[in-house]
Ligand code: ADP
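Only one chain is given next, in structure tokens, and it is the form predicted on its own.
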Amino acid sequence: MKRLIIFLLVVLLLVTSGCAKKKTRYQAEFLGVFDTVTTIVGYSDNKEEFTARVGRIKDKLTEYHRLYDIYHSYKGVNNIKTINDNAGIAPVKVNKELISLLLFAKKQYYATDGKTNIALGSVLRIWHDYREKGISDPFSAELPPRKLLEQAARHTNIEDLIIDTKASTVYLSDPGMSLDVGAVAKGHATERTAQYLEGEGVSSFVLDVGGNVRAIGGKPGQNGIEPWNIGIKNPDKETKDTELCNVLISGYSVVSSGSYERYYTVNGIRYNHIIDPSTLMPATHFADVTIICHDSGLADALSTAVFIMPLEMGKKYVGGLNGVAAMWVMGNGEVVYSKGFKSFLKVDNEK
């Protein structure tokens, strides 16, 4: 009798495992969130399930986009623009998610010795305006006057950002101050959305929000669960190789900051969008910096901070962080790795 029961159990296991439905790979893209392309790749039981999940992802990212927006107002939403508009006037009651972002950003300010500073909005706005004018009319492109930048820099003290977690309010005590969360917004939104999916039980997804990549688990492969293959853009636009290398990740984030996408040219010199708070000028140490770590928000903040730091300072800083790896691409194309980065490289792309 025992042998019969054991035999039946074995048969049942074989039947159920043999009949287990394999999940199918799907991909979707959409525009309109954080002014970029969002790409989603995942494995689901069917197209309907995947499509419904993509809809929830888009809703989540749209919510974050509106909360973090510095240019537009939305009915019923107190966002970064609302806070900036009320600088020196009154505290603004905001969503807990916005409080979460600002607390994280303030923490990163102190952790990076001010390299990541969301209070730099007054300076970044000047650069933004001059860059937009220079792009639309290249022959009239010019640099912002130094005096104008220095005047704006007087209103960038992070201590003037007052966050009351109990009342859920944010107040800028300096009337001339404004926030710009561009260095942390996409990464934080991507991470929070990934955490939401993980809470739903999703185990095999990749979110790519304008280059802020966050993997949830790995992907089904011939030998079980395998890592995702993520390509890192080549900052050299003159070469035919669009990808510099590929990294293999499971449950990690990959974020790059570079001088090759958002820039304008003045008198034959390119000026990128990543501004060093200490010089008030675009950072020029590298063509690209890529960060790999678990948290996409942290990867986003660090990619900006490390891009601003000189190489040795950045290597030392990254070396003191647990679970963080970095890759620097110098202006001449030379590639430098932090300890641990090469372990992520796909072997046939290792350089």
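Here the structure is a predicted model, which means the values were calculated and not measured. In this text, residue numbers run from 1 along the sequence as written.
In what follows, reference is made to the form predicted in complex with the named molecule, a form of this protein that is not presented.
S.K.: Verify the flagged residues Thr193, Ser253 and Asp295 against the named molecule in the predicted complex: is each one within 4.5 Å by a non-hydrogen atom?
M.R.: Zero of three within 4.5 Å in the predicted complex.
S.K.: I need the one stretch from 39-47, 60-68, 304-312, 319-327 whose residues put non-hydrogen atoms within 4.5 angstroms of the named molecule in the predicted complex.
M.R.: Looking at the other structure, the answer is 304-312.
S.K.: Of Val213, Ile118, Ile80, Ala189, which one comes within 4.5 Å of the named molecule in the predicted complex, counting heavy atoms only?
M.R.: Selected option: Ile118.
S.K.: Note which of Ala105, Val247, Leu172, Leu124 lies within 4.5 Å of the named molecule in the predicted complex, where distance is taken over heavy atoms; exactly one does.
M.R.: Contact check passes for Leu124.
S.K.: With a 4.5 Å heavy atom cut-off, would you call Lys133 a contact of the named molecule in the predicted complex?
M.R.: Result no; Lys133 lies far from the named molecule in the predicted complex.
S.K.: Taking heavy atoms only, is Thr156 within 4.5 angstroms of the named molecule in the predicted complex?
M.R.: Looking in the predicted complex, residue contacts with the named molecule do not include Thr156, since no heavy atom lies within 4.5 Å.
S.K.: Are any of the heavy atoms in Arg262 no more than 4.5 Å from a heavy atom of the named molecule in the predicted complex?
M.R.: The answer is yes: Arg262 has a heavy atom within 4.5 Å of the named molecule.
S.K.: Wondering, does Val206 line up within 4.5 Å of the named molecule in the predicted complex on heavy atoms?
M.R.: Looking in the predicted complex, residue contacts with the named molecule do not include Val206, since no heavy atom lies within 4.5 Å.
S.K.: Using a 4.5 Å cut-off on heavy atoms, which residues of 176-202 contact the named molecule in the predicted complex?
M.R.: Stretch hits, in order: Asp180, Gly182, Ala183, Lys186.
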